[in-house]
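One chain is shown next in structure tokens, namely the form predicted alone.
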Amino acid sequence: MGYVLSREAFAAVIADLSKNYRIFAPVRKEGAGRFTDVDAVIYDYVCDSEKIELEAKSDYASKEFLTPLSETLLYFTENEVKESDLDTRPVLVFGRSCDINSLKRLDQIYLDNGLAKDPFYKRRRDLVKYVLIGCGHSYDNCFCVSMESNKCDDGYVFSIDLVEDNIQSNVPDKDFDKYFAQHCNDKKDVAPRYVKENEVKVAVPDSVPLSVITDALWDEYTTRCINCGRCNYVCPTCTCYTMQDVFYSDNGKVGERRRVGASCMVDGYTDVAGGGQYRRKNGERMRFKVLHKISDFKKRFGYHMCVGCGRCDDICPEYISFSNIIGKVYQASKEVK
């Protein structure tokens, strides 16, 4: 069950929710794109429903609240260490099906990938509830249907679909029903929209033979890829980070420790003590990233890491298509068999 609301009624719902929740949603930033006359859709805190971008796919993923690009974890002096403060107000994160499905991947790595849960991720994760933005159509470069992340039946407190200038909301969480009921008296049968077919389709190999891992198909990306790392930074399932200590004084005894997003595609990612460096070539880095997303992660956890959102294709300055690479790996694996 759900509601069909006017724009004005939906604005009132968001205003009421803002009294109890911080709302983290995609927002169109004019002129903030890669060129001065290009907009960017990025995540930000909002209180006004009109600022929430419901039609365009966001350029960056909704994970930015859970895994900020740069986050201070703790402060230290010569004699003590203090964990950084965190705003503990609950947060509503607005995301599409691929974003909500990506949450399973993030939780797997940060909460269920070792003997202990990551405490800094968990304290943020405990604050979050997701709002589903329905997809009435497929977007450029999306292949979410192939990755089975085009739909989510749970994991959200309510959904939003912009249909003919009205907002349709399915509200499975009874705690949120009150926010809608006071602005819309009639309940209706509402189901969130989801993509049933993408223009881009991929076939993922069940296994990748060793001969494909060492195949020359990766050499192409040694010259094409410029190792900028943008594909990793916009990806909703990339989880790598590095640690940085920032010192406030010359004696090096007062400062802060930061967790900073890292990219397997950039120089320095595989540097080790003694000057060693693994995967020096960009083609080798591409191989590592691709096989991790469509093979290695599944071997360990039983499902693919990639959710097919297509953001890596959208942002690549060299127009390298991740879906095309998957196709090449599939074809090469098929030929070996």
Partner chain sequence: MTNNNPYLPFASDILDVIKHTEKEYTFRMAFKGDVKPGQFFEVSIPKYGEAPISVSGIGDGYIDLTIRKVGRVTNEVFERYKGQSLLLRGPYGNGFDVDLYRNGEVVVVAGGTGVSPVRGVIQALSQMPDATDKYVIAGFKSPADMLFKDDLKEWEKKLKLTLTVDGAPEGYTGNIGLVTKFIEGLPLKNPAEAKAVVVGPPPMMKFTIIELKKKGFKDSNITVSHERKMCCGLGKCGHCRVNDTYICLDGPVFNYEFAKNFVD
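Numbering follows the first chain given and starts at 1. Just so we're clear, the structure is a prediction, and the values are computed from it rather than from any experiment.
As for the form predicted in complex with the partner chain, it is not shown, yet the points below apply to it.
- With the partner omitted here, the stretch from 282-290, 60-68, 43-51, 22-30 that lies within 4.5 Å of the partner chain by heavy atoms in the model of the complex is 282-290.
- Of the residues given (Ala203, Leu217, Ile226, Leu74), Leu74 alone sits with a heavy atom within 4.5 Å of the partner chain in the model of the complex.
- Interface residue remark: Gly302 is not counted as part of the site for the partner chain in the model of the complex, having no heavy atom within 4.5 Å.
- Not displayed here, the partner chain is kept clear of Asp186 by more than 4.5 Å at the level of heavy atoms in the model of the complex.
- Looking at Asp140, you'd find every heavy atom of it more than 4.5 angstroms from the partner chain in the model of the complex.
- Within 4.5 Å of some heavy atom of the partner chain in the model of the complex lies at least one heavy atom of Lys253.
- In sequence order, Lys117, Asp118, Pro119, Phe120, Arg123 are the residues of 117-132 having a heavy atom within 4.5 Å of the partner chain in the model of the complex; the partner itself is omitted from this view.
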